[in-house]
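One chain comes next, on its own, written as structure tokens: the form predicted alone.
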């Protein structure tokens, strides 16, 4: 009788996990109404959902394990168990139902992850674009108008930033930990990433792909500035560049 009850527990767990995922997805739709960027908030939300589901599944298996340890423990020395011979249908059910219950939730979360990734890979139309050329062992940033900077990317705060990148020598990887973004730059190919510096401040840039002896020294920083200060900086750099060209 007890064994007949276990599949019902599995089905109950399926509906619990499905309900959790559905409720979380509804919350995700609310997050999507934010301006910039819904996919970044979505990833945070998905991570919380994964942790909740892992906790629920972990607690369930722990309780089942403890139940089995207590119920089917050896009650006297030399006692041997008497396993019940299962029919083919029962064997099939015990194999398929648990797989269906737990893999259904995993596949749902995986589909959410792919959907968010595809959404994230579409930069907002209002993005400010900066060109990047990586090389051993520095970052060269080029702004609209031809202004260049090395190992220091200045950006306006409150605006999405699109970085299109390539490499002059080998494969490098632009990694910005604070914004949880990373993308390879490589010779003969244009790649990109984008991020959203919501507030002013400084953020580390580093290379996450081994690129030679000075790889560990290939660091830089992002300086997020107020829009008017960024505009003033860019205008002064453009004026200096024109003066250089005219000299």
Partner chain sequence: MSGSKGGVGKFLKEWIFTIDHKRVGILYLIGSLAAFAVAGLMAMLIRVELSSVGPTITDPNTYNVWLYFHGAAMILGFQIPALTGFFANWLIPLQIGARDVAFPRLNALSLWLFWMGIILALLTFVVPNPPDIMWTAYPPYSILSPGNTAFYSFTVLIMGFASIAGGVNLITTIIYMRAPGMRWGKLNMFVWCTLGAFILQLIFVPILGTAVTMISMDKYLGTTFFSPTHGGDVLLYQNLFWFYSHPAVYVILLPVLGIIFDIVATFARNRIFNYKVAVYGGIGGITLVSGEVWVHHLYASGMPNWIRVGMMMSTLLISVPVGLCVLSIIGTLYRGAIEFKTPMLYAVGFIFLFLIGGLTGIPLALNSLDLYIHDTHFIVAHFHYVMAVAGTFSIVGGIYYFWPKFTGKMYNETLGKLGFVVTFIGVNITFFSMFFVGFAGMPRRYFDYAQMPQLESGHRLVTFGAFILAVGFLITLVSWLHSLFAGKPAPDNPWGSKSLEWTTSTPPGPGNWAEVPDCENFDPYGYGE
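Numbering follows the first chain given and starts at 1. Nothing here was measured: the structure is a model prediction, and the numbers come from that model.
The same protein also exists as the form predicted in complex with the partner chain; that form is not shown, yet it is the one meant from here on.
Student: Exactly one stretch in 141-149, 93-101, 127-135, 155-163 has heavy atoms within 4.5 Å of the partner chain in the predicted complex; which is it?
Tutor: Heavy-atom contact with the partner occurs in 93-101.
Student: Give a yes/no on whether residue 43 approaches the partner chain to within 4.5 Å in the predicted complex, heavy atoms considered.
Tutor: Taking the distances in the predicted complex, the answer for residue 43 is yes, it comes within 4.5 Å of the partner chain.
Student: Looking in the predicted complex, any heavy atom of residue 191 within 4.5 Å of the partner chain?
Tutor: Yes, residue 191 sits close enough to the partner chain in the predicted complex that at least one of its heavy atoms falls within 4.5 Å.
Student: Any of the heavy atoms of residue 222 lying within 4.5 Å of the partner chain in the predicted complex?
Tutor: Although the partner chain is absent here, residue 222 would stay clear of it in the predicted complex, with no heavy atoms inside 4.5 Å.
Student: Does any part of residue 52 reach within 4.5 Å of the partner chain in the predicted complex? Heavy atoms only, please.
Tutor: Although the partner chain is absent here, residue 52 would stay clear of it in the predicted complex, with no heavy atoms inside 4.5 Å.
Student: Which of the residues spanning 205-229 lie within 4.5 Å of the partner chain in the predicted complex, based on heavy atoms?
Tutor: Going through 205-229 in order - heavy atoms within 4.5 Å of the partner chain in the predicted complex - the hits are 206, 207, 208, 209, 210, 211, 212, 213, 215, 216, 219.
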